[in-house]
Structures are given as C-alpha cells and as structure tokens.
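Next comes just one chain, in structure tokens: the form predicted on its own.
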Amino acid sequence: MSSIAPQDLIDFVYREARLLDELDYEAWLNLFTEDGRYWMPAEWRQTDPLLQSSLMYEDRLLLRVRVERLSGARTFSQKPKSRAQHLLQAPQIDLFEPDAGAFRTWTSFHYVETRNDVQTLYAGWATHDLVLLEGTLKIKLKRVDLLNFDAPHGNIQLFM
C-alpha cells in the first residue's frame, strides 16, 4: 500500500472486526505494531491507562498470551469456545495525516459475546490509532470505551 485513502482506514476497521468475529486471533494480532496496545478504560473520558485503573491495558506480550490461551486445546474456560459478533456503525476518521503516517478512526459498536447459553451485549465505541509501517496499516493503540464501563462485568473472554 503506497498511499492511503480514507476508505482504506474504514476498510481496515471492518476487516479487524471480521477477524475477531471469525476467531482468527493470529491474523488479528498481526495487525498490531510491536509496541501496540489494547486499552479498555474503566472510567469516563479516562486519559491515562497507567495511573488510573483500566478494565484492560495490554501490550503485545499480554495480547500474545491471551491469543495463545484462546487458541489452546487445553483451555477449559473456552470449552466450548466463546463466539462474538461486532455490529459497527460506519467508522469516522478523526485524524488523517498521510505525510506523518498517522491516522485515527472512531467507531460506535454493539458487540455480542456468547458461550453456551450465556449471551452478553456490550455497546461502546472503539478508537483506532493507526500508523503506516512499510506500506501496511498497523494498530498503535486500540481503545475500547464501553458505555457501561462502570458496571460489574463478568469475565470478558474475547477482544472487542
């Protein structure tokens, strides 16, 4: 990809959600930069993932551990496997700086996670900070803000 168009960012967000819905975690993990982060704040308009508690704040190593756990044949908490579906509103582009290789999208979503007879619905918005590395878009930060961030949550098994 030599140049980026706004539609490329939108397509990227849809493709990322599809990888998660299809449980293709290895391909999904490869969308992240080596120093990429996955952040789920625990407060409204939280600005700092390190000095404030978060529901999740995972670097590439922690993401790798979770992906291996989800893919493991001996992961008893995933028998049967959890499944998910994203319903995305059209992603909006908040930052588009091709010369700097920096991009940001904002996407409102509904997300359903199910396992056995338990189905959980989450709503919120995802912010993708993307960079262009060697002609490929990569996730520098995926921030997932849940609408009910302050509710008691069960074990969130998958990635939103």
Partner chain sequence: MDRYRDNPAALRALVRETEVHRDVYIDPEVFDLEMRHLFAETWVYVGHASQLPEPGDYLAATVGYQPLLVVRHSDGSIHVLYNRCPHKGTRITTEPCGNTGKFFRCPYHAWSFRTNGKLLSIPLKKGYEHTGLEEAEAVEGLRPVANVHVYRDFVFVKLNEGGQSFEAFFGESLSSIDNMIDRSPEGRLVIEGAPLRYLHGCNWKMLVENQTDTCHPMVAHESSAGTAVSVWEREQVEGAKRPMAVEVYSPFMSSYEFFEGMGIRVWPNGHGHTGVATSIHADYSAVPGYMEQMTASYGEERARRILDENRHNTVYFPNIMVKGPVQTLRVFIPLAADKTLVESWTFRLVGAPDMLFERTLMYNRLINAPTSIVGHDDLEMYERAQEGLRADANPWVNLQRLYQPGERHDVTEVINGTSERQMRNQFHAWVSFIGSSMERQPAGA
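Keep in mind that what you see is a predicted model, and the values were worked out from it rather than measured. Note that the rigid core is defined as the largest set of C-alphas that superpose within 1.5 Å between two forms. Positions refer to the first chain, counted from 1.
Just so it is clear, the following notes concern the form predicted together with its partner chain, a form of the same protein that is not shown.
- When contacts are defined as a non-hydrogen atom within 4.5 Å, none of 21, 92 and 104 contacts its partner chain in the predicted complex.
- Think of it this way: in the predicted complex, its partner chain has a heavy atom of just one of 120, 108, 30, 52 within 4.5 Å, and the residue is 52.
- The closest heavy atom approach of residue 3 to its partner chain in the predicted complex falls outside 4.5 Å.
- Contact check for residue 62: a non-hydrogen atom falls within 4.5 Å of its partner chain in the predicted complex.
- Residue contact check for residue 85: none of its heavy atoms lie within 4.5 Å of its partner chain in the predicted complex.
- In the predicted complex, its partner chain lies within 4.5 Å of some heavy atom of residue 56.
- In the predicted complex, the residues of 73 to 102 lying within 4.5 Å of its partner chain by at least one heavy atom are, in order, 74, 75, 76, 77, 79.
- Comparing the forms between the shown form and the other one, the C-alpha position of residue 71 differs by 2 angstroms or more, with the core used for superposition.
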